[in-house]
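Okay, here we've got a single chain as structure tokens, the form predicted on its own, with questions on binding and movement later.
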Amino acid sequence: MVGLGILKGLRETARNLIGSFYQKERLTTVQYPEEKIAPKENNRNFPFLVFDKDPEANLRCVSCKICEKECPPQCIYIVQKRNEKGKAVKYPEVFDIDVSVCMSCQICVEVCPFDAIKMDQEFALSREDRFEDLLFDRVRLSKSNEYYHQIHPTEAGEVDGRLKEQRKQAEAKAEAKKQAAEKAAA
């Protein structure tokens, strides 16, 4: 029957209108600045960098630049840190994301092999200056692993478990290598 979809939509609207007088959860309008709806765990807005203990020393990012290459709008800019001899160090000297260009596609999160970049739930990013204030640098992007556990507890638990298992395997491999070297020396 033609127009059946319109009738179903009108019925649902009428149900919500009448139900909102009796059930608070049916009320669809929220007085935003005063009231806020808690975001769902799988909600995503803009990326942030995860650090474990110290934001300067324990940033998970090793500046491999995979996220920079894969970003469709090219809003990520990374410069690798170099030591006195000019050799690249596995740490980003510059890590900038232009959130005015970012389309929150989450490709950077998916391609990161070190689980260093994740999606935040912060959505109110209005600023006075739309150019400088919306260019997030490494310091502004860095957020702790505890914060990550607060906003995405299920995903963060899986990631931490996987990273712990990888560390155990690396330690076991190093120990086996050390024992093999000791046997060869003896």
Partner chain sequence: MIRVNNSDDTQLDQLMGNNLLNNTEPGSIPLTGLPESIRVMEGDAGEVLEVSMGPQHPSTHGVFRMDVVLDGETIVKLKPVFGYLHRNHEKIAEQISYLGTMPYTDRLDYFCSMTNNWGYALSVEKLTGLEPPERAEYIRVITGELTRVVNHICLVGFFVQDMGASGTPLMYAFREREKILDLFESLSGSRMMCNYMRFGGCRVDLSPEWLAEAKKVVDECPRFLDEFETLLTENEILIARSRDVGILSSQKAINAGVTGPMLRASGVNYDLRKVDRYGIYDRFSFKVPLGPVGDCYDRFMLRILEARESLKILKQALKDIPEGPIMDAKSKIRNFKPKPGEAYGRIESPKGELGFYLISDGGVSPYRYRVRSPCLMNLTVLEDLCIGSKIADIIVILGSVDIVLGEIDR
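Predicted model, so just to flag it, every value in this text is computed and none were measured. Positions refer to the first chain, counted from 1. Take the two forms, find the largest set of C-alpha atoms that superpose within 1.5 Å, and that set is the rigid core.
Unshown form predicted together with the partner chain; subsequent notes refer to it.
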{"item": "Contact flag, Pro113 vs the partner chain in the predicted bound form, heavy atom cut 4.5 Å", "value": "yes"}
{"item": "Lys40 within 4.5 Å of the partner chain in the predicted bound form, heavy atoms", "value": "yes"}
{"item": "Partner contact for Gln166 in the predicted bound form: the partner chain, 4.5 angstroms, heavy atom", "value": "no"}
{"item": "Distance check, Ile107 to the partner chain in the predicted bound form, heavy atom within 4.5 Å", "value": "yes"}
{"item": "Residues in 61-87 with any heavy atom within 4.5 Å of the partner chain in the predicted bound form", "value": "Ile66, Glu70, Pro72, Pro73"}
{"item": "Core-aligned C-alpha movement of Leu7 between this form and the one not shown, 2 Å or more", "value": "yes"}
{"item": "Flag for Gln166, CA shift 2 Å or larger between this form and the one not shown after aligning core", "value": "no"}
